[in-house]
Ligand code: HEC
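Heads up, the chain below is alone and in the form predicted on its own; it's given as structure tokens.
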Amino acid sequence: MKKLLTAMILLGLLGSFTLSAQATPQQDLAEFRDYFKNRFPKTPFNDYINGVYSIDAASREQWEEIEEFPPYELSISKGEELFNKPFANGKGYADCFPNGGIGIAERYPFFDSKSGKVITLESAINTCRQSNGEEPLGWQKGAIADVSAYMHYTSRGNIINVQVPNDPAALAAYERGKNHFYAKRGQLNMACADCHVYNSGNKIRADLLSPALGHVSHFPVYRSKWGGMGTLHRRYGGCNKQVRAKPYPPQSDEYRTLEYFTSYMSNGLESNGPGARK
């Protein structure tokens, strides 16, 4: 971790881009896109769904070889099997979601005015289970990542379309996620934006930092480091640990609103999950 700290100091975390606290979500989105358009002028907008592989040709070549035999295929198959397996009461996941749960993942997360909470796809999966008398699944890996992977796979090619209603509670949730994204934390005093906005495309040791635009499009993700699938909130927790900050619990309000903000910032891109990363 000392090497990470030294690398970040050498990079210089002096970003000139910060979204205005008074801006609307629509204005934030336009500024966010413009920032990356100027930072990586050769990268087509639609290619940001490929993360760091959209900005580095050498990394992309290696990744494309991996994609010839995707390591997440088994997870998709497991997820499909679990999705179609009836609960003890005879119902299933398809009974809980619009369109039977097929081709809808790009609409998540959304703000639910009744509960006053951001609803992620994984939280909806467990709500479905519990409402049908089943035990909830663990949040970060295993069966929930498999079911989510299958549902995202059925949404591949659909355009991410996360809505922030003109409702004070929804706007507050969005702002909370935005603040989390830009707030410094941990012993290294770093924000999500330090790595994935200001220093996107720069190296930490041998790794390139990926652009935040399109980050959510390929989750859940198979990471070589994990040797398996993991959810977006598992990745959030890992990032917090890397900056020596105590992670929030998966599906906490902090991570749900962060997902809400980062997903909104990827509106207009294709859903491309699940994906494979280092």
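The first residue of the sequence shown is number 1, and the count goes up from there. Only a predicted model underlies this, so the values are computations on that prediction, with no experimental measurement involved.
One more form of this protein exists, namely the form predicted in complex with this ligand; it is left out here, but the text below deals with it.
Using a 4.5 Å cut-off to this ligand in the model of the complex, not one of A105, L121 and I125 places a heavy atom inside that distance. This chain is displayed alone, yet in the model of the complex one of V164, C96, A191, L82 has a heavy atom within 4.5 Å of this ligand; that residue is A191. The partner is absent here, but in the model of the complex a heavy atom of I204, alone among L137, I76, A170, I204, sits within 4.5 Å of this ligand. None of the heavy atoms of R60 is located within 4.5 Å of this ligand in the model of the complex. In the model of the complex, this ligand stays beyond 4.5 Å of every heavy atom belonging to M265.
This ligand in the model of the complex comes within 4.5 Å of a heavy atom belonging to G51. Using a 4.5 angstroms threshold between heavy atoms, Y35 stays clear of this ligand in the model of the complex. The partner is not drawn, yet in the model of the complex one stretch among 97-105, 149-157, 191-199, 129-137 has residues with heavy atoms inside 4.5 Å of this ligand: 191-199. Contacts between stretch 244-278 and this ligand, counted in the model of the complex as any heavy atom lying within 4.5 Å, involve L258, R277, listed in sequence order.
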